[in-house]
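The chain below stands alone, shown as structure tokens; this is the form predicted on its own.
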């Protein structure tokens, strides 16, 4: 039986690829997409999620809107310079025939977790505001999460939005602190494993040639390719969120070590830094499985082949 899956997201170029990857993977059954502030504002992340699902012919998947800003301090800036002002690299996808689910994201997650006979995996690939609210408002439902896979943070590589902080954690440091010090069964997929995992232009060309879905996905990526060349010195795309979804689809894809993790919630230069205690393996109930090892070539091949398969499905 496929694993029930929910994606909490702020599309976002790499978020769009991550959603498409989940839809292309029979190991999981995407039950719900919840949206959050982050790369662009909530209205745009929600509209983008609807349109990406429609692109793949899956407008049946409900999309519920969540938090429009961080828990305590407003997010200082969005990431339009990376993802485009509308979030999908300047590509205008056709509007979805589906409406936004009327339930708030936290309610939709609670009802999914409560009703599901099987443990639900949640992949959080944006700021962790919705997940922190779920923990505080509906702790019994949160306790039913089978596995929480987070794209965020960094153990040893520093940050990508500041010298210290990765974007998703930095965007709501207080929420990240609440989630990463909870007892949820959590995997943290950070920059240590995402930055070495680069989708090159040959891989993009492979799924672009597969058909209209792949071609649109490749077009969305173009601005990200340009940004990655400048920011990371790569000739391809660092697809952070897709790697987290890969770990959700195929548990054990990444080599993890159980560590204690806290987040700097101060207002200084270290705000949003994930402080990972790498001195020892932790036995604490609040410890996090921190991804420290990746077969980047295998992860990229998995992504490319799955995205190409979307156009091979019967309609």
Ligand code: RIB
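Residue numbers count along the first chain shown, from 1. Every value quoted in this text rests on a predicted model; they were computed, and no experiment measured them.
Just so you know, the form predicted together with the named molecule exists too; it's not on screen, but the next bit is about it.
In the predicted complex, residue 125 approaches the named molecule with a heavy atom inside 4.5 Å. Remark: residue 224 counts among the residues lining the named molecule in the predicted complex, judged by a heavy atom distance of 4.5 Å or less.
Of the heavy atoms in residue 39, some are within 4.5 Å of the named molecule in the predicted complex.
The closest heavy atom approach of residue 197 to the named molecule in the predicted complex falls outside 4.5 Å. With the partner omitted here, the stretch from 133-141, 235-243, 110-118, 89-97 that lies within 4.5 Å of the named molecule by heavy atoms in the predicted complex is 235-243. Using a 4.5 Å cut-off on any heavy atom, the residues of 3-34 that reach the named molecule in the predicted complex are, in sequence order, 10, 14, 15.
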